[in-house]
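Presented below, as structure tokens, is a lone chain in the form predicted alone.
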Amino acid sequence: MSHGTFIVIEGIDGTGKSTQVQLLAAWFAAQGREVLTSREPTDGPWGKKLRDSAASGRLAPAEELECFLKDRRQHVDEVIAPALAAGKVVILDRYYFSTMAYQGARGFDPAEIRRLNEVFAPLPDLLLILDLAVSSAHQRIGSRGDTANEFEQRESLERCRQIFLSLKDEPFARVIPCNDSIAEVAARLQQAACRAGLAPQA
């Protein structure tokens, strides 16, 4: 499907994914690479429905999973695949591994969710899993002035974290501890990209 570079940053809420996406994108851009950043759920109709539900009350499990699949299929068709075909570095803030984790925590089989997604969703070249204890993640959520939404309750996040960590042995995955400074975590992500052969060694 692609000639570009596809990187996904995952982890439970509060791990700093959005910040690290932007820092990694800037690092690749400084090397002269053309970079596209995006996120899931998207800002499309299905993604908006999911984002609204985080505050207003989660959808029924089956409906929620269906919305994620529809949102992701549109994202792959309209954004991810064209950018990769154009040779860009695509860096995502969440992908179907989050669906495995968060819908898995609601009782769905993560392996079946993965199967449904991989029918149409390309594997990343590198999956970076930002890892942080749930207690620390909740402190970060509180320190930024937020309260835990429907996707961020402690028991659910514990289950989500375990599902993310279950991916650690995938050949394209790297678990990145993120309880240090933003700069230290950014350096670890850069090193992981270099070791994966996606950027020149410093």
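Please read these numbers as outputs of a predicted model, since none were measured by experiment. Don't overthink the numbering: it's just position in the shown sequence, from 1.
The same protein has a further form, the form predicted together with a small molecule, not shown here; the description that follows concerns it.
Three-residue candidate spot T37, P82 and K88; no residue lies within 4.5 angstroms of the small molecule in the model of the complex by any non-hydrogen atom. Not displayed here, the small molecule is kept clear of R140 by more than 4.5 Å at the level of heavy atoms in the model of the complex. Within 4.5 Å of any heavy atom of the small molecule in the model of the complex lies no heavy atom of K168. Contact check for R33: every heavy atom lies farther than 4.5 Å from the small molecule in the model of the complex. A residue is said to contact a partner when one of its heavy atoms sits within 4.5 Å of a partner heavy atom; R159 fails this definition for the small molecule in the model of the complex, lying far away. Checking 131 to 139, 38 to 46, 172 to 180, 23 to 31 against the small molecule in the model of the complex, the stretch whose residues place heavy atoms within 4.5 Å of it is 38 to 46.
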